[in-house]
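Just one chain is shown here, as structure tokens, and it is the form predicted on its own.
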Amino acid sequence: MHSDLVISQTDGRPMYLQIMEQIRQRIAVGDWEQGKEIPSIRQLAVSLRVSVITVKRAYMELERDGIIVTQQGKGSIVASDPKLGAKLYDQELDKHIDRVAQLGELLGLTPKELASRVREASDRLTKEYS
């Protein structure tokens, strides 16, 4: 399986976090299906030209989060959870909402003003897709 993951040297985040984010995205959109084998730690390290330790850390974190399952000697697979894609999107949304709240705080917006801005953005999107 070719990973198609890309590590950016200019991204300020650690490489293992970049790997985790891209794997989560692949799973969320259905590119990597539940129960399917994912690249081995060694394969992905070679493909991305990073340390095996970096990929191992990403896989350990993903396993801890219930995103993948690793069996000694058999490799890693995408966890078989019918709600996994939705769960990943929900986690991603939470991160964006947290960032919106931080920006609103910096701008001095009240929670009501911030909610109104979010509602307006949602209304614009609804109109675009209608």
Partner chain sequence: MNDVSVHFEGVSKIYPHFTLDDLSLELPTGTIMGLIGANGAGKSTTIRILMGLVHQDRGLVHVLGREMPREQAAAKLDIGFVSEDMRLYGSATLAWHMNFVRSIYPQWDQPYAETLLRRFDLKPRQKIKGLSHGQRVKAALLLALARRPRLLVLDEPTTGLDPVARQEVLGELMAVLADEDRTILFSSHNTLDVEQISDQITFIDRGRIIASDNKEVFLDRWRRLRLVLSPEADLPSLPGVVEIGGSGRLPVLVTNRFDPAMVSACNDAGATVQAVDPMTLEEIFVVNVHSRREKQTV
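Residue numbers count along the first chain shown, from 1. These figures come from a predicted structure and were not determined experimentally.
A second form of this protein, the form predicted in complex with the partner chain, is not displayed here; the remarks below concern that form.
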The one residue among Arg42, Lys95, Arg64, Lys36 placing a heavy atom within 4.5 Å of the partner chain in the model of the complex is Arg42
Have a look at Ser80, Ser51, Gln91, Gln102 for me and say which one sits with a heavy atom within 4.5 Å of the partner chain in the model of the complex.
-> Ser51
Are any of the heavy atoms in Arg57 no more than 4.5 Å from a heavy atom of the partner chain in the model of the complex?
-> yes
Is Leu114 a contact residue for the partner chain in the model of the complex, using a 4.5 Å heavy atom cut-off?
-> no
Indicate whether Met15 is a 4.5 Å heavy atom neighbour of the partner chain in the model of the complex.
-> yes
According to a 4.5 angstroms non-hydrogen atom cut-off, is Val29 in contact with the partner chain in the model of the complex?
-> no
In contact with the partner chain in the model of the complex (heavy atoms, 4.5 Å), from 20-28, 102-110, 117-125, 7-15, is stretch 7-15
